[in-house]
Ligand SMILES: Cc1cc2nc3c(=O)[nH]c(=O)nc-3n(C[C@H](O)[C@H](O)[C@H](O)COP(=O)(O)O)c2cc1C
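Below you'll find only one chain, the form predicted on its own, shown as C-alpha coordinates.
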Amino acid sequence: MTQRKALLLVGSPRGIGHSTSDRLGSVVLDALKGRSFDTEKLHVHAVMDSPAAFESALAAIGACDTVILSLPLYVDSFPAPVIALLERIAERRVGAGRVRFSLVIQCGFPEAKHNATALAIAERFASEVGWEWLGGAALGGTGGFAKDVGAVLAPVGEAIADGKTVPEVASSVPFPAWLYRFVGNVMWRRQAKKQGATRSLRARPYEG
(Lines give C-alpha, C1' and ligand atoms only; values in the text may rest on other atoms or scores of the structure.)
Protein backbone atom coordinates (compact mmCIF):
# COMPACT_ATOMS: atom_id res chain seq x y z
CA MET A 1 0.00 0.00 0.00
CA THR A 2 1.36 3.43 -0.97
CA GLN A 3 1.96 5.69 2.02
CA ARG A 4 -0.16 8.83 1.88
CA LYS A 5 1.58 12.18 2.34
CA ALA A 6 0.24 15.38 3.89
CA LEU A 7 1.93 18.77 3.85
CA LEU A 8 1.12 21.67 6.19
CA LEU A 9 1.89 25.10 4.74
CA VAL A 10 2.19 27.62 7.57
CA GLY A 11 1.25 31.03 6.16
CA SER A 12 1.95 33.20 9.20
CA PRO A 13 5.00 35.51 9.20
CA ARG A 14 5.80 34.13 12.67
CA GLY A 15 6.45 30.73 11.20
CA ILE A 16 6.68 27.23 12.60
CA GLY A 17 6.78 26.89 16.36
CA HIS A 18 5.89 30.53 16.98
CA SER A 19 2.46 31.13 15.48
CA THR A 20 -1.20 30.41 16.09
CA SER A 21 -1.38 29.22 12.49
CA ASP A 22 1.21 26.52 13.18
CA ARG A 23 -0.56 25.48 16.39
CA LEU A 24 -3.95 25.15 14.71
CA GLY A 25 -2.63 23.49 11.56
CA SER A 26 -0.65 21.02 13.66
CA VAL A 27 -3.84 19.78 15.30
CA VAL A 28 -5.13 18.79 11.87
CA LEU A 29 -1.76 17.37 10.84
CA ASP A 30 -1.58 15.26 14.03
CA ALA A 31 -4.99 13.77 13.21
CA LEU A 32 -3.64 12.75 9.80
CA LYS A 33 -0.49 11.37 11.36
CA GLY A 34 -2.72 9.20 13.52
CA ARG A 35 -4.28 7.86 10.31
CA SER A 36 -0.91 6.67 8.92
CA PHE A 37 -0.04 9.73 6.85
CA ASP A 38 3.55 10.84 6.39
CA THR A 39 3.52 14.51 7.37
CA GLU A 40 5.71 17.54 6.74
CA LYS A 41 5.59 21.29 7.45
CA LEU A 42 6.85 24.23 5.42
CA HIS A 43 6.92 27.93 6.32
CA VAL A 44 5.65 29.83 3.28
CA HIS A 45 7.54 33.05 4.00
CA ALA A 46 10.87 31.19 4.30
CA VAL A 47 10.13 29.26 1.11
CA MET A 48 9.51 32.46 -0.85
CA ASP A 49 12.76 34.02 0.40
CA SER A 50 14.96 31.44 -1.32
CA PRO A 51 14.84 30.21 -4.94
CA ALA A 52 16.26 26.84 -3.89
CA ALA A 53 13.75 26.48 -1.05
CA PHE A 54 10.96 27.50 -3.42
CA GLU A 55 11.79 24.79 -5.97
CA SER A 56 12.14 22.24 -3.17
CA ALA A 57 8.72 23.28 -1.82
CA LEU A 58 7.08 22.88 -5.23
CA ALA A 59 8.55 19.39 -5.47
CA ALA A 60 7.21 18.54 -2.00
CA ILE A 61 3.77 19.91 -2.89
CA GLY A 62 3.67 17.94 -6.13
CA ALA A 63 4.53 14.73 -4.29
CA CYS A 64 1.75 15.14 -1.72
CA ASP A 65 -1.74 13.69 -1.59
CA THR A 66 -2.99 16.40 0.76
CA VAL A 67 -2.05 20.04 1.35
CA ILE A 68 -3.35 22.00 4.34
CA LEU A 69 -2.79 25.74 4.37
CA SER A 70 -3.02 27.31 7.83
CA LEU A 71 -2.80 31.08 8.07
CA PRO A 72 -4.18 34.33 9.52
CA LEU A 73 -6.69 36.49 7.65
CA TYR A 74 -5.09 39.56 6.05
CA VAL A 75 -7.59 42.14 4.72
CA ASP A 76 -10.14 39.46 3.70
CA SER A 77 -7.41 37.46 1.98
CA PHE A 78 -3.95 35.93 2.57
CA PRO A 79 -0.50 37.33 3.43
CA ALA A 80 1.38 38.44 0.29
CA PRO A 81 3.97 35.59 0.29
CA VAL A 82 1.11 33.07 0.42
CA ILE A 83 -0.58 34.71 -2.55
CA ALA A 84 2.72 34.66 -4.45
CA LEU A 85 3.21 30.94 -3.76
CA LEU A 86 -0.33 30.07 -4.84
CA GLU A 87 0.10 32.06 -8.05
CA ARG A 88 3.29 30.13 -8.88
CA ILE A 89 1.58 26.82 -8.13
CA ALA A 90 -1.29 27.77 -10.43
CA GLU A 91 1.09 28.85 -13.22
CA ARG A 92 2.83 25.47 -13.18
CA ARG A 93 -0.28 23.48 -12.22
CA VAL A 94 1.73 21.67 -9.56
CA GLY A 95 -0.08 18.56 -8.34
CA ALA A 96 -2.98 19.00 -10.78
CA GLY A 97 -5.39 16.07 -10.60
CA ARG A 98 -3.59 14.68 -7.57
CA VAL A 99 -3.66 17.01 -4.56
CA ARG A 100 -6.54 17.43 -2.13
CA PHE A 101 -6.62 20.85 -0.49
CA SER A 102 -8.00 22.30 2.72
CA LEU A 103 -7.69 25.60 4.57
CA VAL A 104 -7.44 26.46 8.27
CA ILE A 105 -7.91 30.20 8.67
CA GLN A 106 -8.30 32.41 11.71
CA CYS A 107 -9.04 36.10 12.06
CA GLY A 108 -8.72 38.79 14.70
CA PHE A 109 -12.48 39.35 14.83
CA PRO A 110 -14.63 37.37 17.25
CA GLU A 111 -16.96 36.34 14.40
CA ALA A 112 -15.60 33.63 12.11
CA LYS A 113 -17.82 34.86 9.24
CA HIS A 114 -15.13 37.41 8.31
CA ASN A 115 -13.15 34.52 6.79
CA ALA A 116 -15.81 33.84 4.12
CA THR A 117 -14.10 35.72 1.28
CA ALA A 118 -10.75 34.01 1.95
CA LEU A 119 -12.45 30.60 1.90
CA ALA A 120 -13.98 31.47 -1.48
CA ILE A 121 -10.55 32.49 -2.78
CA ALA A 122 -9.08 29.16 -1.67
CA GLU A 123 -11.88 27.24 -3.36
CA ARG A 124 -11.39 29.18 -6.60
CA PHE A 125 -7.64 28.54 -6.45
CA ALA A 126 -8.24 24.80 -6.09
CA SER A 127 -10.54 24.86 -9.11
CA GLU A 128 -8.02 26.81 -11.23
CA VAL A 129 -5.04 24.57 -10.39
CA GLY A 130 -6.93 21.27 -10.60
CA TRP A 131 -6.86 20.35 -6.92
CA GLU A 132 -9.75 18.73 -5.07
CA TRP A 133 -11.26 21.24 -2.64
CA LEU A 134 -12.21 19.63 0.68
CA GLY A 135 -13.40 22.83 2.34
CA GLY A 136 -11.93 24.85 5.16
CA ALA A 137 -12.12 25.45 8.88
CA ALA A 138 -12.66 29.10 9.83
CA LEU A 139 -12.11 30.40 13.35
CA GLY A 140 -12.76 33.76 14.97
CA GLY A 141 -10.94 35.43 17.82
CA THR A 142 -7.52 34.67 16.26
CA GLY A 143 -8.02 31.02 17.20
CA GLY A 144 -5.93 31.69 20.29
CA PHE A 145 -8.99 32.20 22.46
CA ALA A 146 -11.12 29.52 20.78
CA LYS A 147 -12.65 26.96 23.11
CA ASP A 148 -11.46 23.38 22.80
CA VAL A 149 -9.46 23.95 19.63
CA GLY A 150 -8.28 20.33 19.65
CA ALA A 151 -11.83 19.03 19.83
CA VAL A 152 -12.91 21.47 17.11
CA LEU A 153 -10.12 20.71 14.63
CA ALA A 154 -9.44 17.00 15.18
CA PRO A 155 -12.64 16.06 13.25
CA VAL A 156 -11.36 18.26 10.41
CA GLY A 157 -8.25 16.09 10.17
CA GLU A 158 -10.32 12.93 10.30
CA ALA A 159 -12.56 14.17 7.46
CA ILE A 160 -9.52 15.06 5.34
CA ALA A 161 -8.04 11.60 5.97
CA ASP A 162 -11.27 10.05 4.66
CA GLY A 163 -11.41 12.36 1.64
CA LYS A 164 -14.60 13.95 2.91
CA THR A 165 -15.67 17.58 2.98
CA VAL A 166 -14.39 19.38 6.06
CA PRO A 167 -17.18 19.79 8.63
CA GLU A 168 -18.25 23.26 9.64
CA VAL A 169 -16.39 24.19 12.81
CA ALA A 170 -17.94 25.89 15.82
CA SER A 171 -15.48 27.97 17.81
CA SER A 172 -15.88 31.16 19.75
CA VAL A 173 -14.11 33.45 22.17
CA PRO A 174 -14.93 32.54 25.79
CA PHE A 175 -16.56 35.91 26.53
CA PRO A 176 -18.96 38.35 24.80
CA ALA A 177 -17.89 39.87 21.49
CA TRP A 178 -18.22 43.42 22.89
CA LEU A 179 -15.71 42.58 25.63
CA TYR A 180 -13.32 41.09 23.07
CA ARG A 181 -13.47 44.30 21.03
CA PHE A 182 -13.01 46.43 24.17
CA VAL A 183 -9.88 44.51 25.18
CA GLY A 184 -8.60 44.70 21.60
CA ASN A 185 -9.00 48.49 21.56
CA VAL A 186 -7.13 48.79 24.86
CA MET A 187 -4.24 46.78 23.41
CA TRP A 188 -4.16 48.94 20.26
CA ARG A 189 -4.01 52.12 22.38
CA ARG A 190 -1.10 50.69 24.37
CA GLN A 191 0.77 49.87 21.18
CA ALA A 192 0.06 53.33 19.76
CA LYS A 193 1.31 55.01 22.96
CA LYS A 194 4.51 52.93 22.86
CA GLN A 195 5.10 54.10 19.27
CA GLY A 196 4.15 57.73 19.98
CA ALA A 197 1.19 57.47 17.64
CA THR A 198 -1.74 58.00 20.01
CA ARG A 199 -2.97 61.11 18.16
CA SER A 200 -2.95 59.23 14.84
CA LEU A 201 -5.38 56.48 15.82
CA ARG A 202 -8.38 58.29 14.39
CA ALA A 203 -6.53 59.78 11.41
CA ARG A 204 -8.24 59.55 8.01
CA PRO A 205 -5.48 60.57 5.58
CA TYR A 206 -7.47 59.65 2.46
CA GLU A 207 -10.74 61.32 3.49
CA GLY A 208 -11.92 64.23 1.40
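A residue's number is simply how far along the shown sequence it sits, counting from 1. Please read all numbers here as calculations on a predicted model, not as lab measurements.
The same protein also has a form predicted together with this ligand, omitted here; what follows describes it.
Here the chain stands by itself, but in the predicted complex one stretch of 100 to 108, 87 to 95, 129 to 137, 116 to 124, 100 to 108, has heavy atoms within 4.5 Å of this ligand. When contacts are judged by a 4.5 Å heavy atom cut-off, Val75 counts as touching this ligand in the predicted complex. Under a 4.5 angstroms non-hydrogen atom cutoff, this ligand in the predicted complex lacks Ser26 among its neighbouring residues. Residues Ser12, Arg14, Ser19, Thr20, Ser21 are the members of 7 to 26 with a non-hydrogen atom no more than 4.5 angstroms from this ligand in the predicted complex.
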